[in-house]
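One chain comes next, on its own, written out as structure tokens in the form predicted on its own.
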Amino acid sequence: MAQLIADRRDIDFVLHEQLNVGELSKHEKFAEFNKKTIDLTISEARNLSIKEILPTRQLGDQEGCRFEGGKVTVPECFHKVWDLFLEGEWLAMPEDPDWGGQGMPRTVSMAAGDYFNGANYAFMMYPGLTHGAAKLVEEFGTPKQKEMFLKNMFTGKWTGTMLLTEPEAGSDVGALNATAVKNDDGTYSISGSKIFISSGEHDLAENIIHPVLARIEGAPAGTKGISLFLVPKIWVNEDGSLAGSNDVVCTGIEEKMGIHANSTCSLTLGGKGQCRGLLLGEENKGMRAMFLMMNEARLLVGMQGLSCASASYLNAVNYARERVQGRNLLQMMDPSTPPVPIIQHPDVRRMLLTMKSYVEGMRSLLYYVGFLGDQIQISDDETEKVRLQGLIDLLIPVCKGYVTDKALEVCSHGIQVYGGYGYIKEYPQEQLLRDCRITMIYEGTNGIQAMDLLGRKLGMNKGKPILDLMAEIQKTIAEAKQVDHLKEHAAKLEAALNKLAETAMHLGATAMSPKVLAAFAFAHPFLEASGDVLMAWMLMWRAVLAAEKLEQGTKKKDTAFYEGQLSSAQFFNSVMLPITIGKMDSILATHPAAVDITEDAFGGK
């Protein structure tokens, strides 16, 4: 059975029916990207993914990366697809063509990335991190730094990384020990060690540009004293030529549960006292600059989770159609009845519809956030830009935290549908689960995403973004109430939304009270409840559009797809949202057991 990645019909539905991205071509910035061009772009991305990148997923996982003498070798099969990926100019799809980009809407680049990441996201981490590092140069670099680095990075001639984590600091970036001392020529001498650096060393490109967080001598403690530096693996002269080694040494790579084909490195900077860096942005403003990359990175991680879930679902549903085992439940007592495909068994159908609902809802949510960014690009209204950015900032922790939580759940169901075959390496499901697991950890653990949502995003701009978001959801509810098939379900979504507002107010107030620790013990359940309501919204939005198409009459091949949208929304609102209501009841009670328990009471000694 052929491995699958993403459902093209579903991608087209989100792009053209839910978000109408072709309308962006009415604006000068995206004038070249009408519907025809968008469809051709997605088709090319799909072809490259299926024909060239997908075959490297299992092979790359088996071969892994090799470390020897400070050098890292990626799987041999990656070199061909890397060249093809750069030849197609896919690395910087939404960026300025003057710097090597294609200038396409971010929503369209996310749809292409849906295929690329689904094919092999361990491979896609190399260009993904490069793009994020280049964005830092674009946003905070001097004209000279842009001239030296930007086009080389956006075209993939040089790659990039993100050097935050240190052995003793972990998620507490403010506790880092890396130092920077200013030199007479304006460069900085960098010294320190970094760990868990994805794509930190490899043989795909001639140079690797490392954005590095470090503290300048005498700077304040904590995050207020952190600066950001560009540290090339090979020093770059002002004329763009390469000099010698810059004393950035890989000391090892990690043996991981998944993403074996991406090199996760430990790096030592300045071990011989010869590592230099260029200040990127202002002194002591490194964390503010890095958060620009973190938002993009967290959205990418959500896409990585979705891509694993999407592939696992499509594999599972097609396997369930082909795998014959057991009689139909209604004919269990008749020994003459032949066995049936397992897709006819109720519990398998429950798992598949759960997977389907999450994959569709997550795809819509992630694309929606990309679309908000596109709207900012074409808007001339500063007030509207602030509103749109507020929605993005509010949704980022959900796109990273909730989406990856549920993606892992989908991948687990994907193994279960296969039964014992899902657990063995001959089939793709077990690798998808292993690869997916890290998405809940890196770029800020999902617990950190939950704390960000509760501690920062709810009260941002006096709560205006969450009010704006709820207003958007109410628009969909009002439309759904006009559809006979959806009235009942719209009422359930409205009740859940109202309860979410009540829960947010309660938890926000509790976080400002002496019970602050108890409040944050419920930050992750609140993230989950928020994500559930957003899933229900996205599925309802889809269902309203589908109901309209069914009423108008559609081609036979589209009827099943649209009916499937109604089924997803009805299932999620009737089966999943009642569980969400229970979660919110638990949050409203805010029982302090998790913070009151003594350390000794955990046992384990």
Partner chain sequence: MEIVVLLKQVPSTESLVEIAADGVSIKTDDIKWVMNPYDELAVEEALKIRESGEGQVTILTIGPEKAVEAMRTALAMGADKGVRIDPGDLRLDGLGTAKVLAAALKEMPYDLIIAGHRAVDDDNYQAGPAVAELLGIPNISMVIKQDISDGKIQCHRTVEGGTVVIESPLPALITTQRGLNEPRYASLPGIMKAKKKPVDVKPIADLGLDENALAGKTTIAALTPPPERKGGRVLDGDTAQDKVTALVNALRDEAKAI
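None of these values were measured; they are calculated from a predicted model. Residue numbers count along the first chain shown, from 1.
There is another form of this protein, the form predicted in complex with the partner chain, and it is not shown here; the text below is about that form.
Stretch 552-560 is the answer when you ask which of 56-64, 552-560, 573-581, 534-542 has residues with heavy atoms within 4.5 Å of the partner chain in the model of the complex. Checking Glu494, Glu296, Glu89, Glu147 against the partner chain in the model of the complex, a heavy atom within 4.5 Å turns up for just one residue: Glu89.
With the partner omitted from this view, the residue of Lys475, Lys71, Lys80, Arg321 that lies near the partner chain in the model of the complex is Lys80 [heavy atom within 4.5 Å]. Every residue in the set Asn34, Glu52 and Met104 has a non-hydrogen atom no more than 4.5 Å from the partner chain in the model of the complex. Contact annotation: Thr41 falls within 4.5 Å of the partner chain in the model of the complex, judged by heavy atom distances.
Taking the partner from the other structure, the partner chain in the model of the complex has no heavy atom within 4.5 Å of any heavy atom of Ile378. Put simply, Leu84 is close to the partner chain in the model of the complex: some heavy atom of it is within 4.5 Å. For the chain shown alone, Leu48 is a contact residue for the partner chain in the model of the complex, at least one non-hydrogen atom being within 4.5 angstroms.
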